[in-house]
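A lone chain, given as C-alpha cells: the form predicted alone.
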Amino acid sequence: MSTNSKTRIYTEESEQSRHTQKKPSFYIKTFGCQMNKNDSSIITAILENNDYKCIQDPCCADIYIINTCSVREHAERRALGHISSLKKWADKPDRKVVVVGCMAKRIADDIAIRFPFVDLLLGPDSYRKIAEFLDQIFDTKTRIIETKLSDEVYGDIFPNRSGITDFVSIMRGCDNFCTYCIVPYVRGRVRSRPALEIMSEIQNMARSDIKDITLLGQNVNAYSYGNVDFSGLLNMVSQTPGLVRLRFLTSHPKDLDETTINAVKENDKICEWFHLPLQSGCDRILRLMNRKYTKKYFQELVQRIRQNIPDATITTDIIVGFPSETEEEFQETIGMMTEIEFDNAYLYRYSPRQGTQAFKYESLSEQVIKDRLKRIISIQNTITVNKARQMLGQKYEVLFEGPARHNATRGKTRGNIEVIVDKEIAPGVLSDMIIKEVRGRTLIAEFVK
C-alpha cells in the first residue's frame, strides 16, 4: 500500500467523545537532527494553539509523540526500539501513540503493521492536521496515516521559545540527491520560507531574550525567496535588535559562495563558524556520492575562508566505508583531515538507505567499515585536542548558556566551541574569557583580569 499519495483513515466504530471538557496532554520524544527538534517545536505550537497541553512527564501524558529520523539505520533502530517499548504504556485506556517525521514517511505501513497500538502516523509535511486528526482519534476508534509530501514550510507558525540559544528553519527539503541520502525522498524538494516571516519569527525570539540563533536548512546556501538569496537573508536577519549572535547550518560546499563568506567577514553578529560536510577526500567516491565538487575545490574553499577569516572555525561530516571505497581512497580522506585540521568532525559509517541510488551498490565488509571508523575517530580526536591546546592563553568572547557539572557553567565561543568556567554564571552573560586549561577535550576558561 503506497504512503505517497493519499490519507488513509481506518475507523472501527464511533463512540461519544469523553474529551469535550478538557483537551488531552502530550509528550514528545525527538530523535535526529536539529531540524527534527525544530519540527517538534512546530508540533508543540500547533497542538497548544488547539488547547492540547505539553507536559514533560510521559507517565502522565495522554498522547506520546515520537518524532523520528531516517538519515541512518541506527537512528531508525533506536526509534523502532522506543516505539516497541511503548506497548505497555499504550495499554492504559485513552492513551494514544503518534509517530511522526522522516521514518513515518519512509515506512508508515510497516510501522502500522508491526505496532498496532500506534494510532497516528504523519510525515513531515502533515503536522498542520495533527490536532484535527487527534480529535478524530479520541472521538472514534480510528487509525490515521498521512504521509503526503507538499510545498509546506510552516512559515506562519511561530513556536514559543525560551533559553539563550535556539534554531529557526528557513527552508525545507533538498534538491541535491546525494546517492546515499534519504532526505529528498522523505522531506521533498527544496522550498524556502518568505524572508519577512523568518524576520518576524526571529524578532519575536530576540524579544524573548534569545541571543544566539542558528538558521537551519538541509542546504542553507540554496535559500531563495523572491529577490532574497542566502547572503541577503543573513544581512537582513543580522539587523534584528537584541540579537547577539547568528549562525547557519548546514552549508553544501558546492553552493557556499563569496557573498556568504563576505557576509560573515563583514558582519559582527554573524559568527565565524562554517560547517562544511566533506563526506570523502577522494574524487571517485565524491562522484559516486553525487556531491558535485572535487577534492581540490573543497581545499580551495577552505583556503578562501581562512584567508578572509583567519579565526574561522571549520567543522565537517565524513562518511566512512562508502561502497567500493578502497584503503588507498580511505587514506585520501585521512590526508584531507590532517591537511585541513577540522576543529571538529562528525564521523559516520556508511548506512544503506533503501530507495537511494547507493542502496544498489555492494557494501564493504562490516569489519572493514568498523576498522576504518575506529581509525578515523582516533585521528580526529588527536586533531581536536591539538586545536584545543592551541587555544591556551588566548582570549575569546564566550556566551554562557547554562549549568555544567560540579557547579560550573558552560558557554560557547563565536566559533561554536564549548567552554567551561568553574563557577556559576547566569545564562546570557557575554564576556571575554581566557582559556587556562584543557581537560581531555574540554576547554576550561577564566575571566580576563
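Remember, it's a predicted structure, so these values are computed and weren't measured experimentally. All residue numbers are counted from 1 along the displayed sequence.
There is another form of this protein, the form predicted in complex with a small molecule, and it is not shown here; the text below is about that form.
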Worksheet item: Every residue in Tyr180, Gln279 and Tyr348 with a non-hydrogen atom within 4.5 Å of the small molecule in the predicted complex?
Response: yes
Practice prompt. May I ask you to check whether Ile319 falls inside a 4.5 Å heavy atom distance of the small molecule in the predicted complex?
Written response: yes
Practice prompt. Classify Thr250 as contacting or not contacting the small molecule in the predicted complex by the rule of any non-hydrogen atom within 4.5 angstroms, answering yes or no.
Written response: yes
Discussion item. Check Ser126 for me: does it contact the small molecule in the predicted complex (non-hydrogen atoms, 4.5 angstroms)?
Written reply: no
Discussion item. Quick check on Arg245: any heavy atom within 4.5 Å of the small molecule in the predicted complex?
Written reply: no
Worksheet item: Hey, of 107-115, 326-334, 68-76, 155-163, which bit sits against the small molecule in the predicted complex at 4.5 Å between non-hydrogen atoms?
Response: 68-76
Item to complete: Would you kindly say which of Lys96, Lys295, Arg353, Lys211 lies with a heavy atom within 4.5 Å of the small molecule in the predicted complex?
Response: Arg353
Worksheet entry | Contact residue in the predicted complex, from Ser169, Gln218, Ser231, Thr315 (heavy atom within 4.5 Å of the small molecule) | Gln218
